[in-house]
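Here's a solo chain for you in structure tokens, the form predicted on its own.
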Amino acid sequence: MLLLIIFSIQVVAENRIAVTKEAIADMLEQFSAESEVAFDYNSIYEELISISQNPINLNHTKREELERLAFLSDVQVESILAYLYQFGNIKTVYELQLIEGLDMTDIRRILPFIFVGEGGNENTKIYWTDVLKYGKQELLIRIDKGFEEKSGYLSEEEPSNQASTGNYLGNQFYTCTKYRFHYKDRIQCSFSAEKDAGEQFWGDVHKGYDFYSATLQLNNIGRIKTIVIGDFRANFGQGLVLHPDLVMGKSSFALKVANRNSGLKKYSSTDENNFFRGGGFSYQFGKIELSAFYSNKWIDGDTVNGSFPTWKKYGLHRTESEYRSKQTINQQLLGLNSTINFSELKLGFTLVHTALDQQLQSEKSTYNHFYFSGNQQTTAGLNYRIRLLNLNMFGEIGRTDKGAMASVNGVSFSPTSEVSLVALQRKYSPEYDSFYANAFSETSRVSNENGLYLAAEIRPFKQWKIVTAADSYTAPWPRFGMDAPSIGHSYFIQADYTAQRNLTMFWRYKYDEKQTNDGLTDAKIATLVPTYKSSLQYKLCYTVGNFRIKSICNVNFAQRNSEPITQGIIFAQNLSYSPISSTYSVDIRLQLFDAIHYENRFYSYEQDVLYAFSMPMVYGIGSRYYLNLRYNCNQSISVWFKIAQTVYADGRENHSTGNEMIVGNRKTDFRMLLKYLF
């Protein structure tokens, strides 16, 4: 109890932004270390920052609020609600240690996002005088630049050794401006403008920022639960129909496999693809909630004679060819959702219709034979969740207008406070191809996969937590790089040890076995060979005074069929200094890596400026370091700086390819963010 009291007092005293960033960094580092799938992590980052600015009152909360905290499992959410139901209001945050399923690590993560207060009425009438008086505004201006000149920025007279894609139209600066306003969690609006490095800001081809985004969200206006206008996202069910947000998938958060139904919400990130543009609302009467939304936006693609081969989703318009494909296809979407909530049962139905003004016609090959073709698609799904004491069952069945089916079903069970179990089964037919599906899967596509996932979290002793998971899956139809049906297995185990409040460590082991083509070009029948990859990671975090020290060591091994085993190793040392009463904080990292082969590459989460996410990939032999600095000029103005450099020591004369090629053995990046509160 004494340790928790001391820790809680310290958290209250520390800068809330710094504590929040630390909690978010811990979570994203755990997730990203086990995932190589590119995703817009900034959205979940901004969501958690938003919650920290409008923390959850534990004495006046409900399940959907707690589910916004992505690091809490369903079992933990139920435990918190059960404690509140059984014992009434929480008097102090010290009581969190009494809730089953929450250890010191969980409590440390949750503290920046909650508070203990009196109950209130979330539907209190909004007075515009209060909105103008108590509403909070912030302006963010960010600039990034690489120090070394890339091939795409060389003038026509200079040799570039680049492909015939053309030079970049703009300069090397990335610039972004964001404005945000919020009144509690009732009114939220934002405006964003962004230019990527290489895009033209003012010239013959384009004038102004390359991407603009604006959004307004109103919550709890009478029976209207949510209204969104402008850019927004919609998440319903388990992701077989509609779930553009982050899916935890296979990570060290092994129990978090059920997607959260967050409904309609504003979009304020700078991902230029994964959002809707239009409006929607959610209306609640009794136990029934109805949602309707409409989107009309332009997407990128190379159009020829009324058709296009693929949907370009990276949002870069740096060269003339990239700019010609900008916003060439109109996409309209109409969606409906109906959800009914009983005390122990939740049922939902989602219907989404998408229409394109041109035909999507990809060049067919074996692996993409069943990919969607045409200009219209309708997908529907029925999802459910059943709660019976410590048993939680969930799932969804999806169907496209062409009759393709997909289903995912799971169960989580906590027989005791020390043991939690999860099982998830999925069956995605090869013909199932929905535009906005994003569910638990081995790949980024929710298609052509059958599998069973099992996970357990055990607390055998007071200071120990062991998480383990196993997944076995098959692909009944060929995939990219696999010209025949394939199988795969993965295993994961992690042991966390919290020696005391200021000392934590974990050991993590992961093993993957997949299949790939044997590489024989003259083979008449496709033959697959196994590939193996395993990794072992150790992490130590120690806090002393205002210093936080983190050491990470990761070793991996890769093998293809009976070829020799290749090995990679990476070591990182972090030092953070954040005085409680100071106006500044510093983060430093030194990283050494030796991974000659691409199969042994590493992805490492890095601390960054506010509202930015960084997870660079490294391979070869070399080192990487970065320096992060935050300085509060006064109560209104704060500045963040980051400089990072990768130096290769493997004899290479250049790195990257095409327009991104840099001559030399190093890559240096600078980033600055200015925040103004008013």
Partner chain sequence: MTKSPTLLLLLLLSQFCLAQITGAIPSSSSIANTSTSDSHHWTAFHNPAILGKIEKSELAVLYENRFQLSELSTKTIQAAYSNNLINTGISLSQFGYSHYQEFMLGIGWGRNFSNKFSMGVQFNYFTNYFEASNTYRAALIAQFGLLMQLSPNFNLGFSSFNPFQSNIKAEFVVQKIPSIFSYGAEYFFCPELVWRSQLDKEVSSNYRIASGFEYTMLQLVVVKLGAYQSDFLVPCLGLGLSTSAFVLSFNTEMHPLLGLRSNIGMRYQIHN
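A quick note: this is a predicted structure, and the numbers were derived from the prediction, not measured. Residue numbers count along the first chain shown, from 1.
Heads up, the form predicted together with the partner chain isn't pictured, but that's what we're talking about next.
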Open item on the list: Within 4.5 Å, heavy atoms only: does D512 come near the partner chain in the model of the complex?
Closed with: no
TODO: Indicate whether I525 is a 4.5 Å heavy atom neighbour of the partner chain in the model of the complex.
DONE: no
Open item on the list: Contact with the partner chain in the model of the complex for P55, defined as at least one heavy atom pair within 4.5 Å: yes or no?
Closed with: no
TODO: Although the partner chain is absent from this view, report whether D271 comes within 4.5 Å of it in the model of the complex, heavy atoms only.
DONE: no
Open item on the list: The chain here is shown without the partner chain. Which stretch in 327-335, 561-569, 105-113, 466-474 comes within 4.5 angstroms of it in the model of the complex, by heavy atom distance?
Closed with: 561-569
TODO: Have a look at F480, Y294, F342, Y542 for me and say which one sits with a heavy atom within 4.5 Å of the partner chain in the model of the complex.
DONE: Y542
TODO: Identify, from the list Q573, N89, T366, T124, the residue with a heavy atom within 4.5 Å of the partner chain in the model of the complex.
DONE: Q573
Task: Contacts with the partner chain in the model of the complex, stretch 588-610 (heavy atom within 4.5 Å) - done: L590, Q591, L592, D594
